[in-house]
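For reference, the chain that follows is the form predicted alone, supplied as C-alpha cells.
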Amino acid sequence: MRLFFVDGGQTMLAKQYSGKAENPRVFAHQAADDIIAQALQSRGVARTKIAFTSDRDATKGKATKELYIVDYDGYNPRRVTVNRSLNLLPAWSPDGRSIAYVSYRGGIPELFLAWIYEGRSQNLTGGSDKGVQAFSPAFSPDGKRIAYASSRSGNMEIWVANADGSGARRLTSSPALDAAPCWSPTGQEIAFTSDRTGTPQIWVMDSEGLNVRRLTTVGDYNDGAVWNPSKEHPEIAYTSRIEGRFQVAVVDLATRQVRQVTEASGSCESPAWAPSGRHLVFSCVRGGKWQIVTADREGRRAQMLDTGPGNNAQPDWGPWPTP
C-alpha cells in the first residue's frame, strides 16, 4: 500500500501487509486505519465492531432476539447468544473482550456478561432478591464498574457494581423511574433517564450519586443518553421525540444547544458513538424494518449497513482493538 501527496507526488506512507489471503478485508481495514493515522493524525475505526440485537432467528409463535456482532461496515455477522430468548441492549466492555446485555432467559430481565471469544457467559444480577429486574448495563471507562437500572429497592433506580456484579450499591433514590445510565469519558459523571419532573428527560449526576441536575429541556420525551468519548466534543447523544417521531439528537454540554441528527420519515433510536467520537451508529425504520445506520456526528453521510435479515436494532459501537 502506498499513499502519495497528489500535488508533489511524494510518498506519505508505504507499507506491506502479510497473512492469509482468504480474507483480504482484514488487510483493507488495516490499510484504511493506517491511512487515517497518517493523513489525519487520528485513529480510524475500520477494525472496530458493532454489536446489535436481531430477531432474524425467531421461530413462528415465539418472540426471540439474539445478539450479533459485525464489522464496522456491516460485514461478517456473527451470532453471540444462542438461548432462544429475548436478549437486548448490548454494551461493550472497554477492552472489547466481552459484552454486557439484558436477557429474559430466566423469565425476567437480568444482566449477563458474554465473553464473545471464549463462548461463555455469566449472570451479573442473578442470586439477588427473587423477581428483581435489571436493565441498561454500561461499563465505566476503566472497565472496573458497571452501572445499570434495577428494581432491587422496589423502584427502578440507578445502581453501580463491580464489573463481575459484586458490591452493588444504589446511586439514586427517587419515587420516579430512573434508568439507562451512561458514563462520562472521565468516569466521574453518569447521565441517566428520569421522569421525576413528569416526562422522561436526561439528567446528570456525579458517579457517587451526588449533584443531580437536569440536562435536557427541549422535547417531551428524551431517553438513552450516550456520552461522546472524545474530549474535543463534550456532548451527549440521545433519543428524542420530535414532531411525533423518535429521532436522534445531540446536546452540547457547554452551550446546552441541541441539534437534530436524524430527520427520517420513520423513527430513529438508540444512538452509540464510535470510539473516536467522530461517528454515530443508531437504528432506524427502513422499509418497514429496523436497520442499523451510521453517520458522522452531524448526521451527514448516513449509510444503512447490510447486517442481514430481520429487524436489527439497539447497536453499540465497540472499542478500538487492542494492539
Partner chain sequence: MRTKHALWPLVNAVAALAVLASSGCGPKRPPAVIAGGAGARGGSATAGQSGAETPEPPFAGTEIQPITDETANRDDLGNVATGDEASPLADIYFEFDKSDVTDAARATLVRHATWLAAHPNTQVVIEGHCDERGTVEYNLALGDKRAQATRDQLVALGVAAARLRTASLGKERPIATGHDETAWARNRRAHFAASR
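Residue numbers count along the first chain shown, from 1. Just so we're clear, the structure is a prediction, and the values are computed from it rather than from any experiment.
The next section is about a form of this same protein that is not shown, the form predicted together with its partner chain.
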| query | Where does its partner chain sit in the predicted bound form: which of 109-117, 159-167, 248-256, 211-219, heavy atoms within 4.5 Å? | reply | 109-117
| said: Exactly one residue in Arg56, Arg286, Arg297, Arg43 has a non-hydrogen atom within 4.5 Å of its partner chain in the predicted bound form; which is it? | reply: Arg43
| Can Ile69 be called a contact residue for its partner chain in the predicted bound form at 4.5 Å between heavy atoms? | yes
| query | Can Ser270 be called a contact residue for its partner chain in the predicted bound form at 4.5 Å between heavy atoms? | reply | yes
| Distance check, Pro309 to its partner chain in the predicted bound form, heavy atom within 4.5 Å | no
| query | Does the 4.5 Å heavy atom contact test between Gln10 and its partner chain in the predicted bound form come out positive? | reply | yes
| message | Given a 4.5 Å distance limit between heavy atoms, list every residue of 71-89 close to its partner chain in the predicted bound form, or none if there are none. | response | Arg78, Arg79, Val80, Thr81, Val82, Asn83, Arg84, Ser85, Leu86, Leu88, Leu89
